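This document starts with two versions of one protein chain, written out as structure tokens and named structure 1 and structure 2.
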Structure 1
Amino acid sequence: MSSKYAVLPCNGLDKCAGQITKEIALAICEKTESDLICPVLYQVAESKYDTSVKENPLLVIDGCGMRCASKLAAAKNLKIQKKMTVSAEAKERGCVLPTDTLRLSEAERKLAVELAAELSKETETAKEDSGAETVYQTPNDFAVYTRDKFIFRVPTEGFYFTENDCWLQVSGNRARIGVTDYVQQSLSDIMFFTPPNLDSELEQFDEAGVIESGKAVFEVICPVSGKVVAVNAELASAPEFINQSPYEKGWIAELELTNFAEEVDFLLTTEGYMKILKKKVDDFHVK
């Protein structure tokens, strides 16, 4: 990693994961000229870090599921370049963090080094995999459902949908996935997107990433089975593409299809999805 970042760790003191965030943040800052943002001082003296968080890509490191650092970033309307939750990463690696002591053993220190490297590596990987070569048609005709000031658009051709408001656009043996206009409008301003892992094998209806806004967190449900061959790396620095262009620039991942012929029966056409969309809008509409 050679870029300069603003690094915002939760830096919690009462859990081992919080201690590890500090080590990760220090490791990243030692390797680069990055700025370390103290979450507590940032709360009470915002101007101190204003320049750094606005001029540099922001890395956020949460210790536990409380995600205080992410919440702080959201409260300050900061755009997150990349983030990580230590407790979740430890669990994924089968690493049990101690609860009886917060002193870091060699195992936790090693984990901190690994996670610091991964945080930087994934950022670079995302840049490398930013373009898929397969051609996808840009939708030019939309079915529209209007309710008061809200207008929901759904492409009329070339797309499949799920009841979970995700879409699929097929090209040969590959397909792009994303979320519908209804999701982006419901979430409002999208702050962050966690993509699925490259080369991972997803089953139909597995989680294929997470979208976060100031209002809610939305799990992307994969419409079909397949291998993730690309992710939309542009969303790392511009998650608002999902708001601006959910069916085009806001695509999420590209899959190599493995069982589409059978799974297509579980997908919805535009007409089928429009019925569900209208019901959702009518049921949840708040004047």
Structure 2
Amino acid sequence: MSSKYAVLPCNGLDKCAGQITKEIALAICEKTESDLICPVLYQVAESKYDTSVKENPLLVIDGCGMRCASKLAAAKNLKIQKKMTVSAEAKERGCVLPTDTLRLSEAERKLAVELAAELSKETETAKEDSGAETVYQTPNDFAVYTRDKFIFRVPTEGFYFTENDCWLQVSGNRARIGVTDYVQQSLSDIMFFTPPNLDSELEQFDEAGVIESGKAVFEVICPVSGKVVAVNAELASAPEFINQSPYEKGWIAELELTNFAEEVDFLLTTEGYMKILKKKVDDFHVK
């Protein structure tokens, strides 16, 4: 995630959840120097915010299930890079939002601070971890399978794979994960990428993000267990890197490994994955 957003909060100031989105948006803008997009002005004076929404990843903060901020972004044909729904976050934390007052109590203010800190932490952690890319070797040799006009590449060294078309590259006690050339060609032009949550603990074969294109939605299946210590911040503004460079610039997340010694037996080598890839291509005739 970028260190700076264009922040589009809920317009529902007649609800407690809407009041909380305002507090969250202000806190993030103060901490990360992000730009605040007023949802009311944006509907009548779009040009005022054109530069910000074009140059920065868009963070949408919905108040409730009405998702008015998300709907506004969709109406403006904006690409949402990160979104949060306050009512859902409150429910997850056991916080009951009042319906008889718009004044925020200490509990609601605390919730706003926690949610703002969570979003701000993602920007800082991603920025700090951006230098970790250099510890992973760039693949320079590939096994290739060709069918019709399609050419599928698979690195021959330093990578493990799963039947779910995800890859793993290990460096010490950490590993990067991503999706294979087969996935990006099957999806075609990738438009959105939702990363896994930083600091989340994933088990082997848990969901580790979602990739969306105009053709389909693909759930990234985590090849191993581990703690998410970084996500690829560049994908927030350039998800097409997954198309252009699935094994390098298109990496998805970095994990601190927790059970690799046992789980490696469930992973595939290049040779093993090539057999599966060829069968998939031949069976489904990717076009």
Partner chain sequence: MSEAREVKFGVVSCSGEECLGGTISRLATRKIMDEIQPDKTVTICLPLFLAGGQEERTFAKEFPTIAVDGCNKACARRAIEKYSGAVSAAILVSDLIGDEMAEGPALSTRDLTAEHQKMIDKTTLAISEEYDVLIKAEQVK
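Keep in mind that this is a model prediction, so the values were computed, not measured. The term rigid core refers to the maximal set of C-alpha atoms that superpose within 1.5 Å between the two forms. For numbering, take structure 1's sequence and count from 1.
Two forms of the same chain are shown on their own. Structure 1 is the form predicted together with its partner chain. For residue 210, a C-alpha deviation below 2 angstroms is recorded between structures 1 and 2 after rigid-core alignment. Once both forms are fitted on their core, the CA shift for residue 262 between structures 1 and 2 remains under 2 Å. Relative to the superposed core, residue 36 undergoes a Cα shift of 2 Å or more between structures 1 and 2. Taking the core as reference, the Cα of residue 49 moves 10.5 angstrom between structures 1 and 2.
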